[in-house]
Each structure stands twice: as structure tokens, then as C-alpha cells.
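Presented as C-alpha cells, the chain that follows is alone, the form predicted alone.
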């Protein structure tokens, strides 16, 4: 089959699931992963012939895509902050909005010799990005899932980045007695009743425990965050969180009620309110 014919097959077979632009991006990623062909090869060699051994992994991937499996799980990789991370169905696929959260942190602070806590670390994307920026910092990534921590650990080893990982529940007191300069989290925040409206390549594919807040409790994990801040954040330390756009103001209110100051709500590149931060004030004696 010619390379351009295979791309047309992808466009035709996936048109009900993805836009043409999304389909082409998926196709180029698979070409790079399985055949080590750069995306510009179609412009230079549209008549390039793919033999059966080259076609097979691409047709197998197409079948999986039609079953709504995300391309990141198919190839086992996702890109985040100039890193290539291992991902699998035990962890959330890193999103561009989370990159924006990390950029906001590193543009605002220098914790190069501080202590950083990432609650609900998943693939380790936030913790690893911050540890690469601040190699002298002590960065701890916590997650309830042993499978997620195994993936995060493999990413740290592959990247040669020093991050400590610990299994734990973000809604329980921390085991580490030393206070932190920064607590950050992209917690499960999608309301449970929104699940039926999600795209098929998210619903039933990515882990529910990384996506959804408990039913009827959309602020549950943010309440856990501020509780951890009250007990484990240094005076003058910061809390950063990614939020659901429908609950951004409510999270700001929760931060305010917890005594955090300097509260700021930040919009993402699409104009949606998606990030909140607050500062811990000195505790009264």
C-alpha cells in the first residue's frame, strides 16, 4: 500500500471519531513510533510503498483506535514539558492545561532548594517537570495507586531525574514531618454525573480514580489539599491546583476559607478558568 493511501484509510475509518487534523496527527505519531518516519515524508514521498511488515502495526493500531483506545496508550508514550513519558491505563494522559500549570509555577517561584509535594502524581509528569527545573529541590510525588507509582518511577529512571515517590492517600495526614514550600495537584475533579458526556477515548479508557470526584462532592479533593496545606505547608508556602472550569470560583472560596491569601485564578489558553493558587500565612500562636 502507498503511504498516502494508508493515510486516506485512517481519515476514512476515523472520521466519526476525530477531526481530520486530529487523525493526521495520530497517523504521524504512529509513523514515527513504528516506522521511524518523520511527518514530512508524506510531502516528499507520497508514493512511498509500505510493505506488509510495515503496514501491520499501523493497521493493528487503527483497529485499536476504532475501539476508542487513546493513541498515547497504543504507543505507550505521551509528551509533557519536553519529556517523553511512559503512560498506560493506570495513569491519566498528561494534558496541555497541566503544562500551563507547571509553567505558572516555574515562572512565579524558585524552589531550587526547597521541598515540593505533588499530590496524586499519576505518571509523575508534574513532579518530574519541577525536579528537572529545580534539580536541587526535594520533590515528592504521592499517589494512592501502586500501579501509577510504578509508572512514575519508571519515568524518573528513564529520565534520570531524582524524585521520591510514596504511596498514600491525599485525604489522610502525611507521613513526612518536614514542611513543604509548594504543594501542587491536578486532582480528580470531573463531576461523576458528567461521565456520560465525555469522549469515548476518555470514558472507559483512562482511570476513573484519576478523573472523577466522588459523586455529589466535586470539591472533595480540594478540601483534602487545603487540609494537607494546613498541616504541612511552610509559612509563605504556596498551593497550586488545576481545577474544573465550572468549579474554579468555588475552589477559590475554599482556599479563602482555609486562610490562604494571595489567591489567584488563572485562565488557560482557551480562556477557561483552570488554575488556582494561594499562599499560606503565618499561623497564629
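Bear in mind the structure is a predicted one, so any value in this text is a computation, not a measurement. Positions refer to the first chain, counted from 1.
This next part talks about the form predicted together with a small molecule, which is not shown.
Student: Note which of 179, 168, 114, 187 lies within 4.5 Å of the small molecule in the predicted bound form, where distance is taken over heavy atoms; exactly one does.
Tutor: In short, 187.
Student: Heavy atom within 4.5 Å of the small molecule in the predicted bound form: which of 84, 192, 202, 158 fits that? Just give me the one.
Tutor: Contact with the small molecule in the predicted bound form is made by 202 alone.
Student: Closest heavy atom of residue 100 to the small molecule in the predicted bound form, within 4.5 Å or not?
Tutor: It does not: once the small molecule is placed as it appears in the predicted bound form, residue 100 has no heavy atom within 4.5 Å of it.
Student: Please run the contact check for residue 92 against the small molecule in the predicted bound form: heavy atoms, 4.5 angstroms, yes or no?
Tutor: Taking the distances in the predicted bound form, the answer for residue 92 is yes, it comes within 4.5 Å of the small molecule.
Student: Is there any non-hydrogen atom of residue 242 lying within 4.5 Å of the small molecule in the predicted bound form?
Tutor: Contact check for residue 242: yes, within 4.5 Å of the small molecule in the predicted bound form.
Student: Does residue 210 make contact with the small molecule in the predicted bound form, using a 4.5 Å heavy atom cut-off?
Tutor: Taking the distances in the predicted bound form, the answer for residue 210 is yes, it comes within 4.5 Å of the small molecule.
Student: Among the candidate stretches 121-129, 179-187, 136-144, 73-81, which one is within 4.5 Å of the small molecule in the predicted bound form when only heavy atoms are counted?
Tutor: One stretch meets the cut-off, namely 179-187.
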